[in-house]
Ligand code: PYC
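This document opens with one chain alone, in structure tokens, the form predicted on its own.
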Amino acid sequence: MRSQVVYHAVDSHTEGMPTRVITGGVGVLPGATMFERRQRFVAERDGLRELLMREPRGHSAMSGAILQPPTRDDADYGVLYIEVSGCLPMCGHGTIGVATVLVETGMVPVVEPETVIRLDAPAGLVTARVAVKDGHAESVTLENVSSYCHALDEVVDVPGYGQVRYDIAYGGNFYAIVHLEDLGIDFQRRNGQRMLDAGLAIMDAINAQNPVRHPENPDINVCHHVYLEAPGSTAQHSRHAMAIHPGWFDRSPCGTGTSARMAQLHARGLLGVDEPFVNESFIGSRFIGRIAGETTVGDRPGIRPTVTGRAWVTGTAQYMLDPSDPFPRGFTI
């Protein structure tokens, strides 16, 4: 058996969405901060992401995280979030998966009833509070980066759909929030491709006509997520399908999307501090969100969100690359 590389991984899923946690084989990535490491990784080693996330080792909705030494003294681990569509500043379901893997594998000292893990992410420091019983990670509450509502009642001209109204908010990534009924599409699994096509068209139009920019980090400046809100959704319980660039749905309720949704609801005066919010995914899995407090993001009013969800370890693996493999960076169809 020949291989140019060996990457060690613990696979998991968070409420249905995979997180392939790379625990060894990568080495220490260059950069003074995790955001700088992310930028260097994208520029210099993106083939590693493609190898691990794309077919034949991954699939069209694959997601993962590369563990790193932290770049700051107040963190336990650094995390680089990778998926088939790119390298994210922050990933909520991925953080829940990482925290679960760290506890389940004993890579952090496990304390009952709660193990606190501080993670150095490209978007900033995040804290994961893992509820532990009999050594098992039962759930994770993520204290996410500060989130804010970027704009309400925006309108964009979308080819094939006309004028589309949306709100846009940040929860670690930017999310456009659209009423699905405005698009004339029923919230049914059989309409998945129609929903996905609409979401992709909307994000393309937003990035072309109304581009976004984070007030504190101008390099976070793209909308690659569209929250398609199902009819009947409220500020207490919202159902949605999350369309993601370049063409797939989040299987989980989406942790950064839950944070952005709470920021939007708070900006509309519909969700207060410490009020529970249930966010339900396209497959029916749920996260519980809460606003821990109010804050500012640059000069914008914002929130400090928490998101609670569950993850399960699904396997361990060593991923290799034979020098004769015709797909050293994987492929997509």
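Sequential numbering from 1, following the sequence displayed. Note that the structure is predicted; figures quoted are calculated from it, not measured.
One more form of this protein should be noted, the form predicted in complex with this ligand, which is absent from this view; the next part is about it.
Name the stretch, out of 130-138, 97-105, 67-75, 251-259, where some heavy atom lies within 4.5 Å of this ligand in the predicted complex.
Heavy atoms within 4.5 Å of this ligand in the predicted complex occur in 251-259.
Would Ile202 sit within 4.5 Å of this ligand in the predicted complex, counting heavy atoms only?
Ile202: no, not in contact with this ligand in the predicted complex.
Given that the partner is absent here, does His225 sit within 4.5 Å of this ligand in the predicted complex, heavy atoms only?
The answer is yes: His225 has a heavy atom within 4.5 Å of this ligand.
Using heavy atoms and a 4.5 Å limit, would one call Cys87 a contact residue for this ligand in the predicted complex?
No.
Give a yes/no on whether Ile244 approaches this ligand to within 4.5 Å in the predicted complex, heavy atoms considered.
Ile244: yes, in contact with this ligand in the predicted complex.
Assess the spot marked by Asp167, Phe174 and Ile303: is this ligand within 4.5 Å of a heavy atom from every one of these residues in the predicted complex?
No, the whole trio is out of contact, none within 4.5 Å by any heavy atom.
With this ligand taken in the predicted complex, which residues across 93-107 come within 4.5 angstroms through any non-hydrogen atom?
Residue within 4.5 Å: His93, and no other.
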